[in-house]
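Next comes just one chain, in structure tokens: the form predicted alone.
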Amino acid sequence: MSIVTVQLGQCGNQIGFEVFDALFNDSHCPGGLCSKRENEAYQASCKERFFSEEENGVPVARAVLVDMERKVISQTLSKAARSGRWKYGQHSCFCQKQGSGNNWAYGYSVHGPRHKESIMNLIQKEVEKCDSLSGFFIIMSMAGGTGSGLGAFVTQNLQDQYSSALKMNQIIWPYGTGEVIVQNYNSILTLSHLYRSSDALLVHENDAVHKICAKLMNIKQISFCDINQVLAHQLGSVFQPTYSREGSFHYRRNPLGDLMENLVPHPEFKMLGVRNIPQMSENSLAYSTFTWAGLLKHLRQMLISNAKMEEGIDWQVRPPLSGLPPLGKMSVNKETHFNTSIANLVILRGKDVHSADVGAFKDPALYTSWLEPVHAFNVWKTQRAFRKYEKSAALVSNSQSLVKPLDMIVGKAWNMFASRAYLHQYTKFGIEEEDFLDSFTLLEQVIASYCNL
């Protein structure tokens, strides 16, 4: 089954390019530590998901590119074409001459309705090229205007038009220090609208990815390109093919459906995060060896202590003893807190993968009381290595890890709203105070639900 990717705004288009490039490069990596036949099956599965073939034999990304300014889309198209290995479709782009000026309301209320027909037609054409549609993967930021405002509008229309297809939004959480003065407004409006129309929100925090670039990848001058490549690596490690079940050598056919089934057991809880191990520069990789036991021990501690990378993990955090009541519900202000999960999916790739023991992730103490580990935890495996890592593990988790950043964004937005700062920029495009209040109410409920796990 195929996934149609919708890249929205500058951020969505730049990340989208890196994701397709990472997927293609990985699936055409020589060897992959597995048999030729297995490698060919892996390539075919990746291609069915993300690429379609054109007459001249160059794979074409199953993607629609949308931005209100031409520059980034032109750069993205030419970068893909220059690679000579894959490209975007000739008629898969929509752009205009005027952006959204970092105004969510302009993207949602002006650009959205004005260009709805053109954008939805492009998406429909892409859907028609799929033998079988798994769903939509929508890449966007929360802080700007086009990705966030238009992204929320497009997601809503996908929900109306393709109600039975799954929709996963990959959203980029802005830097805490701020890129845009109204980023907290844009963020709460984006999140509240997506919560109503998307099936799952896969969140990446810019601050966390920046730290990975600095500490693990040893990059001195960090660019957006570096950040996007780390994001693409993490997304590739989730979306590349894995076996459909233990002992099987057939790859999963419905990646989005399987992800949702494993990770979103209730519509109140749909915020997902990704952790990867190991993640390092190529130079360091040449001198490193890993065991499954070591990787999984670190990954589990990253989960329960809410660490985004393996450096600087707090090893003092321990799960509450099974069978004892917790010492009270999570407070968003508590510094070191055990990170309770609703659902976890561990994805293992590489040598001797069938010997990896994931028993530690089945501890009931890791999960909310209303879900048994047998329903809350899953593992996917393949012997096919990912990129140049002999062994690698990814963890997709639905847990309390985003409560604190969400609470901070809602708090900052509320302080601005209480003093009516910049509201006129939104009301003049039809977003009323009532819309803000609805967003605050919905997100406060989400925070409360996660805190009470």
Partner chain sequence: MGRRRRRQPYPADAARALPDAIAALSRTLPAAPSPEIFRRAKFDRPEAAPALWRLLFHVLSPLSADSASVSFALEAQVRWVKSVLHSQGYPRRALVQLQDDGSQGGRELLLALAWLLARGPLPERLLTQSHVRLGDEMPVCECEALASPGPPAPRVEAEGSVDIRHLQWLMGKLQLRWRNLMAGQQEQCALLGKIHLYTRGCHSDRSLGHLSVTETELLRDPEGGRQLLQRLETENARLEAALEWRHRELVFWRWMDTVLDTCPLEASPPTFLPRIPEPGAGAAGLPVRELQALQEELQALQEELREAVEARRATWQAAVGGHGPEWRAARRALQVAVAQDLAALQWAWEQGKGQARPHGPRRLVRTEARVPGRPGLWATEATEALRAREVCLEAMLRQLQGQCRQELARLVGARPGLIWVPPPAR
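Residue numbers count along the first chain shown, from 1. In this text the structure is predicted, and so the values were computed from the model without any measurement.
Another form exists, predicted together with its partner chain; not displayed. Remarks below refer to it.
**Q** Among 202-210, 164-172, 223-231, 294-302, which stretch has residues with heavy atoms no more than 4.5 Å from its partner chain in the predicted bound form?
**A** Only one stretch qualifies here: 164-172.
**Q** Given that its partner chain is left out here, which of 254, 244, 281, 74 has a heavy atom within 4.5 Å of it in the predicted bound form?
**A** Spelling it out, the residue with a heavy atom inside the cut-off is 254.
**Q** Answer with one of 217, 345, 260, 307: the residue that has a non-hydrogen atom within 4.5 Å of its partner chain in the predicted bound form.
**A** By the 4.5 Å criterion, the partner-contacting residue is 260.
**Q** Is there any non-hydrogen atom of residue 121 lying within 4.5 Å of its partner chain in the predicted bound form?
**A** No, no contact at 4.5 Å.
**Q** So in the predicted bound form, does any heavy atom of residue 265 sit within 4.5 Å of its partner chain?
**A** Residue 265: contacts its partner chain in the predicted bound form.
**Q** Given that the partner is absent here, does residue 48 sit within 4.5 Å of its partner chain in the predicted bound form, heavy atoms only?
**A** Contact with its partner chain, yes.
**Q** At 4.5 Å between heavy atoms, is residue 177 in contact with its partner chain in the predicted bound form?
**A** No.
**Q** Does any residue in 1-27 get within 4.5 Å of its partner chain in the predicted bound form, counting heavy atoms only, and if so which ones?
**A** Heavy-atom contacts within 4.5 Å come from 1 alone.
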